[in-house]
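Just the one chain here, the form predicted on its own, laid out as structure tokens.
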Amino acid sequence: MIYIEFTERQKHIIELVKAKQPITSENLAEHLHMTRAALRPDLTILTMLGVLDARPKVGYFYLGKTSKNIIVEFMKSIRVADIKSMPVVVSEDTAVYDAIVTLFLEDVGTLYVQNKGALVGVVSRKDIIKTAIGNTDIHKVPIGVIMTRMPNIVYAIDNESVLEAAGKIMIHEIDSLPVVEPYKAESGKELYKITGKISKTNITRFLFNLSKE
């Protein structure tokens, strides 16, 4: 879990506002024995985070948001498009053997299958292992035979929140989701163009980089 750690002065400001709301910046500065100019950066931060609310000619109010609330709201504001990565895409006629080679060369756990630019299937490392340990000739069998097909593919779209995507990954117990852009074929059928992927690795890397910042 990532926590927002307020400074001692910011904590003091929050307690003063809770006790004396509404309270002006002049009164806060007086209580803290400092100038309004020195106090302004802390008030700006607390207001931007949604901890305090400022009303002109009235003063500051406490909104009651905790650091946990702020983190959840922040995570909901991050879109899939902000952290998605490039998918590894193969065609339906790719041999299972070649798919195995691609998995290792690209160091991924999932391959996305497309036909004429549209997403038609997904193949996981587990699917390939099941096929490889059987009596199947992996040099001759195409990936299209063992893939999971639409409409049984769980996917994400660019405007979806990272929190929603993470929930889908957990619920369906998968490593990643294809990120798609829906469009209509000439026949009127809805198809999906694959524009990226969002995975456990994407989300973990995002959280790690966020904690460093």
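Each residue number is its position in the shown sequence, starting from 1. The structure presented is a predicted model; accordingly, all values stated were derived computationally and were not measured.
The form predicted in complex with a small molecule is left out here; the points below concern that form.
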{"query": "4.5 Å heavy atom contact, N152 to the small molecule in the predicted complex", "finding": "yes"}
{"query": "I174: touches the small molecule in the predicted complex, heavy atom cutoff 4.5 angstroms", "finding": "yes"}
{"query": "Distance check, V122 to the small molecule in the predicted complex, heavy atom within 4.5 Å", "finding": "yes"}
{"query": "Touches the small molecule in the predicted complex: E92 (any heavy atom, 4.5 Å)", "finding": "no"}
{"query": "Candidate stretches 94 to 102, 80 to 88, 137 to 145, 122 to 130 - the one whose heavy atoms come within 4.5 Å of the small molecule in the predicted complex", "finding": "122 to 130"}
